[in-house]
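Single chain ahead, written as structure tokens, the form predicted alone.
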């Protein structure tokens, strides 16, 4: 169908609009605060502290801090860690982009920091935060971090993937049987269009299908990438889920019809309780996307932390007898995460469609059902 081809095109275009919002907000949330001299000290002190922490981590007799390992795994970073620790770590350096109040724009590689063991150009990396040796200098960190890199990669991947699918439909036609990647993605696309969009929005749902497809596949792809040991926990980043929920908030309220707004500001209740109901309804506008944000963020972060904690039990007890139980439970949670990866994408997209449907629903649309009932009565 021609409508299906146009849907793929609109999906590809809206994908870049959404991921641009992601980048802008991720930069903002990763901004560094001005460094106070009495709290942080000098760069050399910070470097010595980081070196002492690394030495402690390499001490075979030191207790294993599972909490710090788990939080480090789910957190963002200025380099893409692959394997190893300390100076033996293998990681892909990422661009450090700083705006300094005294030096202006500064751009260099995170490899200059040598995994936090060295300083460069008056800056040092301590606990994935760039600090300055000058206590009077304020810096704004807009670096391309690990999460931003994965976000760019997933957006580009989806863009070229669905653009190629759209071209395939142009050359082969929509009546021919899908082949290759078309046969894999077409059921998912039709599921979002027919079951999620039409099922929750109803008439006029085609207008919102590109956004719902973008949300569904961005979450699904990044959920899958996050399950890879060297992947980034992007959907467990509050900035990512926040921008998704804000986009849903904007689309829902911009398209809200008269019935939607009258239900908020002119509730169908005695006027005496309007001062109570109206503030509750206004707060409800914000709590719906807030619930979307927290649900996705908490579920994806919790899954990673649970797996790391279960594996970490082997090092905490320092016993080979705990290994089979620990690995078995970790494997079970990993398999469960495969289901959760799809389920969270579905839940976020379905609730988004439900919120949009409640905002655009026409309460006078039962006329069609009444006409059918009347025809049935006349026929009998």
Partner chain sequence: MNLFISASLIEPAVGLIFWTTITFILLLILLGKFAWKPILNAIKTREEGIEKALASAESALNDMRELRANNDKILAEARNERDALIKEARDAKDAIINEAKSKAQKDADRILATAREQIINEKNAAVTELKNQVATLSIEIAEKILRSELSSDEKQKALVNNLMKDVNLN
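This one's a predicted model, so the numbers in the text were calculated from it and none came from an experiment. In this text, the rigid core denotes the largest set of C-alpha atoms whose superposition between the two forms falls within 1.5 Å. Positions refer to the first chain, counted from 1.
There is another form of the same protein, the form predicted together with the partner chain; it is not shown, and what comes next is about it.
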Interface stretch in the predicted complex with the partner chain - options 239-247, 253-261, 223-231, 110-118, non-hydrogen atom within 4.5 Å: 239-247
Partner contact for residue 100 in the predicted complex: the partner chain, 4.5 angstroms, heavy atom: no
Interface membership of residue 297, the partner chain in the predicted complex, 4.5 Å heavy atom rule: yes
is_contact(residue 141, the partner chain) in the predicted complex, heavy atom dist at most 4.5 Å: yes
Partner contact for residue 206 in the predicted complex: the partner chain, 4.5 angstroms, heavy atom: yes
Answer option from 199, 267, 178, 135, heavy atom within 4.5 Å of the partner chain in the predicted complex: 178
Heavy atom contacts to the partner chain in the predicted complex at 4.5 Å, residues of 215-233 in sequence order: 215, 217, 218
Rigid core superposition, residue 106 Cα moves 2 angstroms or more between this form and the one not shown: yes
C-alpha of residue 296 off by 2 Å or more between this form and the one not shown on rigid core: no
Core fit, then residue 74 C-alpha moves 2 Å or more between this form and the one not shown: no
